[in-house]
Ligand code: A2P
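The data below hold one chain only, encoded as structure tokens and taken in the form predicted alone.
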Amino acid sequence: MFETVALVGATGAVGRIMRQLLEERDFPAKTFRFLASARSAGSTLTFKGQEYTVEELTKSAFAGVDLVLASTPDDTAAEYLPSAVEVGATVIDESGYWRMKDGVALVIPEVNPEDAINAKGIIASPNCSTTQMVMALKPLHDAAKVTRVIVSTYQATSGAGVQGTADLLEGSRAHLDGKVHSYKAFKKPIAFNAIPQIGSEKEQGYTSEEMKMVYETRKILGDENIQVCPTCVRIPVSNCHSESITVETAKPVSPEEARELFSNFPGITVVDDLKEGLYPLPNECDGRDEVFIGRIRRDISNPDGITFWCVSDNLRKGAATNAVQIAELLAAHRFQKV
């Protein structure tokens, strides 16, 4: 059991879900503290039937804390989280800042739990689009060695924060009413549209979101030879990211074998019956913690390829749930050592 757990970003969209999960799953800790920006400090929230005052995030706020779960912007994570490590706390961070840093474990508990157990200081949780894809890749990689991945994402507006979803709803109303909406989260209208850019431009015409999927996949799976060709697209769906994934493996995997591998992997649910119109849909996966896979079929252009459709709640398994699962993994390891 941890003595004191601090949740940083407790009032944000992901922080609220983490708070809910910690309560629902009865996370083992004696004391909980909730930290946020100066704007939210002083407000109150209810957790496990008790009322807590939200504290301001400062560098000195981590005194006496032994576990930190953080969901903040990158610059905030860079500025404040080292102070938690300095006082001996383990940090599970949702931001993108620490993921590719040397010596920082990048963890999906179902995929590489040993990296979390052996980590010191900061443990990073991957990008949401990476998390669901790597969950699907892991059983294929273990069975037949993944060599190449072609992925197109269809990402929900909630991935751009509360303002992203507000832009979708308010922009849709404005469009239907023949009015103009001033978008804040997106540079292009998202209502009744698809935007083939998420993040800033990086090397060779790829975006930052796309390159995260390349580098994070290799780091989590521990294989620098895996080739990933991503295209990330924002679509007018409020929550849950969808991905069309084609995987090439060192030896062929049949659709039947892939279906069995997926079905037996923890955290994956297969919904796959094209004749009956059964496959994962964002509005049916919302609020769920699993990664859903369907449309499993052979890549007819490549005898060593398999292709499928993958959907997951980006605020839960793509963010909050993964962080809490890492914390539970650490807590279980602590218990075993006692």
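It should be emphasised that the depicted structure is a prediction, and the values quoted were computed from it without experimental measurement. Quick note: we count residues from 1 along the sequence shown, nothing fancier.
The form predicted together with adenosine-2'-5'-diphosphate (A2P) exists for this protein as well; it is not shown, and the discussion that follows is about that form.
Enquirer: Heavy atom within 4.5 Å of adenosine-2'-5'-diphosphate (A2P) in the predicted complex: which of Gly161, Gly199, Gly121, Pro113?
Expert: Looking at Gly161, Gly199, Gly121, Pro113 one by one, just Gly161 meets the 4.5 Å heavy-atom criterion.
Enquirer: Between the options Ile306, Leu57, Val65, Cys310, which residue brings a heavy atom to within 4.5 Å of adenosine-2'-5'-diphosphate (A2P) in the predicted complex?
Expert: It is Leu57.
Enquirer: Just one of 126 to 134, 96 to 104, 243 to 251, 67 to 75 has residues with a heavy atom within 4.5 Å of adenosine-2'-5'-diphosphate (A2P) in the predicted complex, so point it out.
Expert: Every other range fails; the passing one is 67 to 75.
Enquirer: Given adenosine-2'-5'-diphosphate (A2P) in the predicted complex, answer whether the residues Ala29, Thr31 and Gln50 all have a heavy atom inside 4.5 Å of it.
Expert: None of them does, since no heavy atom lies within 4.5 Å of the partner.
Enquirer: Is Leu329 near adenosine-2'-5'-diphosphate (A2P)? Define near as a heavy atom within 4.5 Å, in the predicted complex.
Expert: Residue-level check for Leu329: no, no contact with adenosine-2'-5'-diphosphate (A2P).
Enquirer: Is there a heavy atom of Ser37 no more than 4.5 Å from a heavy atom of adenosine-2'-5'-diphosphate (A2P) in the predicted complex?
Expert: Within the cut-off, so yes.
Enquirer: Can you work out whether Met18 and adenosine-2'-5'-diphosphate (A2P) are in contact in the predicted complex, taking contact to mean some heavy atom pair no more than 4.5 Å apart?
Expert: No.
Enquirer: Spell out, yes or no, whether the shortest heavy atom distance between Ala10 and adenosine-2'-5'-diphosphate (A2P) in the predicted complex is within 4.5 Å.
Expert: Looking in the predicted complex, residue contacts with adenosine-2'-5'-diphosphate (A2P) include Ala10, since a heavy atom lies within 4.5 Å.
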